[in-house]
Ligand code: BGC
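Presented as structure tokens, the chain that follows is alone, the form predicted on its own.
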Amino acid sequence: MGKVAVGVAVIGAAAVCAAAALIVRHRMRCSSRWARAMAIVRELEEKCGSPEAKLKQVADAMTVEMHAGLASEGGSKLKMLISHVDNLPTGDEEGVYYALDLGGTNFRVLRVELGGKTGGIVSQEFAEASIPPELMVGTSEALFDYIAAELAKFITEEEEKYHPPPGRQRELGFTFSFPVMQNSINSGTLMRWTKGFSIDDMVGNDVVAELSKAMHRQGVDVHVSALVNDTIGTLAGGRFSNKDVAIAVIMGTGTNAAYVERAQAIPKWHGPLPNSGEMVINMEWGNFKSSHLPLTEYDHALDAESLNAGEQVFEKLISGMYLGEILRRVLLRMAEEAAFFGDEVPPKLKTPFVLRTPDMSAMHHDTSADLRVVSNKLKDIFEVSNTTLKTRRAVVELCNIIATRGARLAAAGIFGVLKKMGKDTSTGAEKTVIAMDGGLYEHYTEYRKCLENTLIELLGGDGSSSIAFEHSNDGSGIGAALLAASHSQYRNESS
């Protein structure tokens, strides 16, 4: 019996040792997986690094590309499009003006009443409508007849006090958010359709002429005073409320910037110099590219798999369309190489663009002790349950790395524009205000704070006191109506 007891004891001890060894091995495996995951995080942090010296190189490259784009068509990755807007609103405009905003599958009709020097925007009203899918692939006549009919309906229903005096036409600003070669303030040729539209007979034709013909067919007597894009509308809206606004930046799903340039500093401008001596330039800065941009393997892969590989590189680093997707790609690598979410890679993690930037923002802003928002987002989006607090903290750190790089690069871009304008150093009492719009800027607080603080850092003590940010809302609507006012066919008549 003694031998049996000893044998059982030996077997029991061996089992305990084996179990202990398994636990140790499991812990070692977990520890090594975690070390691998953290190595991926540290590598990303290093490659996304944006020290002040690098940002100043990016800003200098932006300034160089701006000069090249102004010198000749096709001279730079920056298109530096001449907007033909040479009269921004002054705040003195008065009267009733309209806007049509066609940005995609929805469009809006707006009416804005302006009260002159002291009145500001007295009233505004809008109606929204969807474009029926069949009109997105039909004929230009059918599309513009539908839009003109909605405008006619809006005007028919308005109060008599908004009717124009005898002998005057209503005036309208047209925001048309598709690629257009602008020929004058109120004419432009459609280069190509995007956003699901495909109306072949419209490409190469003047969009304002098509709209005007449709309004005539619908019996609507309205003059299109300005054809604009939303960035220039944002600049106009900002200038109307603050005469120091000289730059507009959209930080939303996409990104763009526009600014006021001296007409004499535009070599490719061959027309007569405007009376104002100024011209608004639509930079199309999303297409900026430089060897100084801190690109990672995730950025290269995202770009290669995109519909416009090699294009819009700056936009793919800083805008709302892409920040969440970059995060997804990092998390996927961590899941594949470091079992970050367990032994199985969550299938949904492999779906491109399943993680949207608003979800990334919500995780980044999670201040709860157990990071409950992060836990819920991982569960809702990727069907990953039971994450550890350590894992959730790592996700927040990744959000911070990716958003910080984007915000700091956006600030470097603005600094480059300020340098081109000669406004990167303090000039006494003169102030420069940057009108900002877009959901990313408006709703992603950490991103916004980082962008603004980085610009202050780049400007240094002297310059930062002369620069300010202002949120300018609805450039594509109100901004377009304001540009119709500042380019009114009646603006030179004495009131």
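Superpose the two forms; the largest set of C-alphas matching within 1.5 Å is the rigid core. Values in this document were obtained by computation on a predicted structure and should not be read as measured data. Just count from 1 along the sequence shown to find any residue number.
Although it is not shown, the form predicted together with ligand BGC is what the next lines describe.
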item: Open vs blocked, site of ligand BGC as found in the predicted bound form, superimposed, 2.4 Å to backbone or C-beta; value: open
item: Listed residue that, although ligand BGC is not shown, lies within 4.5 Å of it in the predicted bound form (heavy atoms), from Ser76, Thr387, Ser177, Ser212; value: Ser177
item: Heavy atom within 4.5 Å of ligand BGC in the predicted bound form - residue from Asp86, Asp206, Glu150, Glu284; value: Glu284
item: Triplet Asn229, Thr255 and Glu315 all within 4.5 Å of ligand BGC in the predicted bound form via a heavy atom; value: yes
item: Exercise: Thr194 in contact with ligand BGC in the predicted bound form, heavy atom 4.5 Å; value: yes
item: Partner contact for Val245 in the predicted bound form: ligand BGC, 4.5 angstroms, heavy atom; value: no
item: Partner proximity in the predicted bound form: Ile250 to ligand BGC, non-hydrogen atom cutoff 4.5 Å; value: yes
item: Stretch in contact in the predicted bound form with ligand BGC, which is absent here, among 413 to 421, 194 to 202, 343 to 351, 156 to 164 (heavy atoms within 4.5 Å); value: 194 to 202
item: Residues of 52 to 78 having any heavy atom within 4.5 Å of ligand BGC in the predicted bound form, listed in sequence order; value: none
item: Did Asn242 shift 2 Å or more between this form and the one not shown, C-alpha, core superposed; value: no
item: Yes/no, Arg356 Cα shift of 2 Å or more between this form and the one not shown with rigid core fixed; value: no
